[in-house]
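There is one chain below, alone, in structure tokens, taken in the form predicted on its own.
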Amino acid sequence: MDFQLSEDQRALRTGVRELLAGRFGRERLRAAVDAQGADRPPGLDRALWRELGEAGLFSLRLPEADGGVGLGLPEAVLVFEEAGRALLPGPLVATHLAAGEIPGAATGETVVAAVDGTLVEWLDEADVVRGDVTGAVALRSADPLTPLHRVPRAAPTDPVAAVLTAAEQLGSAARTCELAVQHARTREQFGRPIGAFQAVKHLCAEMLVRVEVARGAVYAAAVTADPLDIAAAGLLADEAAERGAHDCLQVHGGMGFTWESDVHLHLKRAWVRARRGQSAADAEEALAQDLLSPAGR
């Protein structure tokens, strides 16, 4: 299977990256994070949300006849990979999945939240909530830009939601790998860039390997939409995002643990995403049963 991107797919990825850099670059990210406090929960930027709708983020997979862009899940994965890279906040996946079903979701006029497993993100900011949120309890979220509620009755995870969440994790993992390499090239110790030391080289190389393995799995799941491929993609993308952010912290040393660094934000968002939907244990069990079954691959 050839996973080389087409010219149109590369242009889509570049366009989304440029849009997010212009509308939600590092300064906007840090301003959003620094604005939070114990008495100030995260707020959703409605103007940005509508702009994302105008850019087609939510209507990407809607048929053109219905006012959408008419693309498929592989293209949506590229877009959500960029959203993960930029740490774009908000119930992106839920609103994307609601396009064409809930009025205003496709254009970003309506913010949609959804129960995923036992968690729901951005419940208080949503105009529409999909799923039973009776008895929802607010949680203290590790991620300062992802307010969470826990619900007593778990809802099944939509397979497309699982793929898009894995794509967000992949984007975050790729970004922390970039940050680690950039720091290793510029930070000096004993008169040499720290990237010249073998221990740092190994950390960066292992991060890159995890990113590329996860990329292959996520892209494959976007093409096949097979439940087992989706389970594998989720496991590998979660590992790449969580371990990648952890290793990036190690490369940055003490500076990586400070509030001013962006690395901890990637780690916290990766923790939150990894707890959406199907658990790692359930995904591992499904893959193990398939491997051990007589008809397994």
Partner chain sequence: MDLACTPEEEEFRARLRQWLAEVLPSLPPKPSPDDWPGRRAYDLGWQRMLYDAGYAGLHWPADAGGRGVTPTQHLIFLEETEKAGAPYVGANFVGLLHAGPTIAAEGTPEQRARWLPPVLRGEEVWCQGFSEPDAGSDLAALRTRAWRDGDDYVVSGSKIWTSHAEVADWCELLVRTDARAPKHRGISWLAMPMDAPGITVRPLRTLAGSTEFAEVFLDEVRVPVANRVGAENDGWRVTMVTLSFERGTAFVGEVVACRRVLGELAREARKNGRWDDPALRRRLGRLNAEFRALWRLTQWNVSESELTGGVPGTGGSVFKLRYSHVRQELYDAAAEVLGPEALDLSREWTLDRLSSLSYTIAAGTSQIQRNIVAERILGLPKGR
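Numbering follows the first chain given and starts at 1. Just so we're clear, the structure is a prediction, and the values are computed from it rather than from any experiment.
Only in words, not in the display: the form predicted together with the partner chain, which the text now covers.
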item	value
4.5 Å heavy atom contact with the partner chain in the predicted complex for all of Leu228, Leu287 and Asp290	yes
Sole residue of Arg210, Arg85, Arg130, His149 within 4.5 Å of the partner chain in the predicted complex, by heavy atom	Arg210
Interface residue in the predicted complex among Glu101, Glu109, Glu206, Asp124, criterion: non-hydrogen atom within 4.5 angstroms of the partner chain	Glu206
4.5 angstroms heavy atom contact with the partner chain in the predicted complex for Leu235	yes
Contact flag, Thr14 vs the partner chain in the predicted complex, heavy atom cut 4.5 Å	no
4.5 angstroms heavy atom contact with the partner chain in the predicted complex for Arg153	no
In the predicted complex, Pro74 touching the partner chain (heavy atom, 4.5 Å)	yes
The partner chain in the predicted complex: contacting segment from 115-123, 87-95, 101-109, 173-181, heavy atom within 4.5 Å	173-181
Heavy atom within 4.5 Å of the partner chain in the predicted complex - qualifying residues of 182-205	Ala184, Arg185, Arg192, Pro193, Gly195, Ala196, Phe197, Gln198, Lys201, His202, Cys204, Ala205
